[in-house]
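Only one chain is given next, in structure tokens, and it is the form predicted alone.
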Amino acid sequence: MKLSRAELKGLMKAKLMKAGLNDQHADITAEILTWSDERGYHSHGAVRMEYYCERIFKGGITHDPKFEWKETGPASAIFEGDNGCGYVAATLAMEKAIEMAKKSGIAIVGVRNISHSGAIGYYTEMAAKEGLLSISFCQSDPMAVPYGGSEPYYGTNPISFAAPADDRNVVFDMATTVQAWGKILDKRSRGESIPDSWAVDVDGNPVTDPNKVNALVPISGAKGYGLMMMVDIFSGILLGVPFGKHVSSMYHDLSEGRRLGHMHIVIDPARFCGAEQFRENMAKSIDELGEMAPAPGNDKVYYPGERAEKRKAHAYATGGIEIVDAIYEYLISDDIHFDRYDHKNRFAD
């Protein structure tokens, strides 16, 4: 099923409001979910809708949270989320971080006590559009084994950075596991297998059936493990919220808030090499990469975010955003949710 941008966002916004979000919060959330799907990040798009609606409806996401902005220094602040929608809290916190960075040259803003905040490349791109350099980290619930370990301790713990160039923005967003849980969720929804390098079963053996996943594995062994720990320190321990194996499960009890942490760091290049020189050198860098002779089997060297923009352009040139039929049927239905996720394990089983 292919939908226009307006159709997809409208359906998701309406469903989120039916579940209990107010107009503004539903609009922000639907916008970011659409941003993900149109770029081919289907793991963080409409495939998440039923889960969010079940949690919202059952009270695990505060419908009208009392957000609070606390400046803790000239370039630091805490955004208290009151277990509200993570998409909204992370967006509003980034807007404030951008303001602070323009004033002070840098902003370090912790967002705490929120729900899941989705594809974090959206937030770093917000800063890049304002001519700023940024990096974001956020926690997720334990589903990855640490290097050398046998039990899940950290989550997929993503990292994103973005930087402005000329009329282009570099936007990098990755999980510190080989793949994000959402990618496996997307494969499940499509009835497809996964590569055996993504996850392991209950016995620690590589698995290709997305329904038999027991734990994810870190990228590059010990290096990915170190990055997972870094994200947990910056967005968990530093913010005074649950960390490591203490991070709440996405599915354990959908009537309770998750108390997740998220960190934005925003830098104004004007305070360093200068805004114009930064943009010029960024543009030169990505041009040089694109002009490089590609390795066999590749058509070119892409800068981070370039292929996502190509997928977006292709989607609209070929009839719209591709959505799994079952998800579309859910979006147009009168149902809010089907009790699929509450009190399930970390992989919704």
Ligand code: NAI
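From a predicted model like this one, the values you see are computed outputs, not experimental measurements. Position 1 is the first residue in the sequence shown; the rest follow in order.
Quick note: we don't show the form predicted together with this ligand, though the next part is all about it.
- Heavy atoms within 4.5 Å of this ligand in the predicted bound form are found in one stretch of 224-232, 154-162, 99-107, 205-213, which is 154-162.
- Proximity of residue 302 to this ligand in the predicted bound form: non-hydrogen atoms within 4.5 Å are present.
- Though the partner is left out of this view, residue 132 does not reach within 4.5 Å of this ligand in the predicted bound form, counting heavy atoms only.
- Remark: residue 272 does not count among the residues lining this ligand in the predicted bound form, judged by a heavy atom distance of 4.5 Å or less.
- This ligand is not shown here, but in the predicted bound form it comes within 4.5 Å of a heavy atom of residue 174.
- A heavy atom within 4.5 Å of this ligand in the predicted bound form is found for exactly one of 116, 279, 259, 168: 116.
- For the options 247, 144, 138, 89, the residue carrying a heavy atom within 4.5 angstroms of this ligand in the predicted bound form is 138.
- No residue of the trio 22, 25 and 67 has any heavy atom within 4.5 Å of this ligand in the predicted bound form.
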